[in-house]
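In structure tokens, one chain follows: the form predicted alone.
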Amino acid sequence: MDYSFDEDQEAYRLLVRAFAAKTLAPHYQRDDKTAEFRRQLALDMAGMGLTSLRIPAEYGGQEATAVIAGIATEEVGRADFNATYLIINTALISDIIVRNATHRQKSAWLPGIASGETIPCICITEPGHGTDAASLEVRAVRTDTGWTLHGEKTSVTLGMASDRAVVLARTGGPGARGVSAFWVDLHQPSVTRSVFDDLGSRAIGRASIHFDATPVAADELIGAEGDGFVSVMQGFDYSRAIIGLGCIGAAEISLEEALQWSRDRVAFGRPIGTFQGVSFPLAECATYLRGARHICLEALWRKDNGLEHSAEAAMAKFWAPKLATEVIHQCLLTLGHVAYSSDAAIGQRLRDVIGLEIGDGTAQVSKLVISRHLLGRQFAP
């Protein structure tokens, strides 16, 4: 058993850290204040190969392992938490396309994602259906040339900025087997979008997207008709571990700031770190972060080795965002009044990571997956 990165992984980690600190970190708070997604961000990240990690080389990608994708996300999360959504989206969507699309579709769709020219999103949640995604109501109606989409998707990450979307729509009867996946051009006049005014992650443009008889060509169906729900959901097992590492990265840099403040800040004639009331909570934060990070990396390692990883990914998804929120909050309290100003990034990190306690699956759903793994489906909720 080896608990360390190999030489190549460690070199890559340091490379991404340097890039993120130089190129991403200076824009983190500015982008939040403007609440706008910069197209240059996608191009900058594409230049580092961060939008093509899970794409095969023949389509312009890196063919990176899931562990490498996790390493990249953790390091980017330290500098600009919201930039991790580009890694998460491109990795998840690329994986869906690679597993289910034809060679012609891959050749047409993947190079644009890899280059940063095509920003993708995934449209699953609806106003009346979030966790119960198999009950979605957006319809795909067959036409002579393909399909038309009717209905609304909501809470779409990067929904305002995206060029294309993987859209789940009902093509058949009730339940998961009546759902198909489509690769949809979002710049069509029949597509309208509205942005949310969010507590955090304002730069990613979470949006509702309405399809008013939006045409989709027959060759923009991903995989077989009726297989969309299953094929899309399979990708979430490992993307949830990547999400966990992005949250942990934001918590790690916050902890480092709190530790340095505990060395530098003097009260009652000595550094505040010498007081147990300051140092012990930070020791707990470091311990819990170490444990959550290992679970995330184990899930990705299992993915790379063809092993079942649903339970580990669910553990990563419910624990890491919750823990990151708690750790960043504790670090903000440690820094005190200086961290309560909007000039400090730590408050923004706190607002941002809270979103992933909700998005991409609630803690309750993750615990349902874990309990079924532990007990067996017939003995679990």
Ligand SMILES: Cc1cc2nc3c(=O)[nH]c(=O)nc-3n(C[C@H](O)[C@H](O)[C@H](O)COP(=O)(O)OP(=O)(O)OC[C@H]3O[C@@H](n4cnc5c(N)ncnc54)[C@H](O)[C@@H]3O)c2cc1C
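Keep in mind that what you see is a predicted model, and the values were worked out from it rather than measured. One-based numbering along the sequence shown.
Absent from the display: the form predicted in complex with this ligand. The rest refers to it.
Q: Which among 119-127, 221-229, 140-148, 187-195 is in contact with this ligand in the model of the complex, heavy atoms within 4.5 angstroms?
A: Of the stretches listed, the one contacting the partner is 119-127.
Q: Would you mind picking the one in 310, 171, 100, 154 that has a heavy atom within 4.5 Å of this ligand in the model of the complex?
A: By the 4.5 Å criterion, the partner-contacting residue is 154.
Q: Within 4.5 Å of this ligand in the model of the complex, heavy atoms considered, which of 131, 305, 287, 276?
A: Spelling it out, the residue with a heavy atom inside the cut-off is 131.
Q: Contact between residue 61 and this ligand in the model of the complex at 4.5 Å, heavy atoms?
A: Residue 61: no, not in contact with this ligand in the model of the complex.
Q: Is there a non-hydrogen atom of residue 85 within 4.5 angstroms of a non-hydrogen atom of this ligand in the model of the complex?
A: Within the cut-off, so yes.
Q: For residue 206, is any heavy atom within 4.5 Å of this ligand in the model of the complex, or not?
A: Although this ligand is absent here, residue 206 would touch it in the model of the complex, with heavy atoms inside 4.5 Å.
Q: Flag residue 362 as yes or no: does it have a non-hydrogen atom within 4.5 angstroms of any non-hydrogen atom of this ligand in the model of the complex?
A: Yes, residue 362 is a contact residue.
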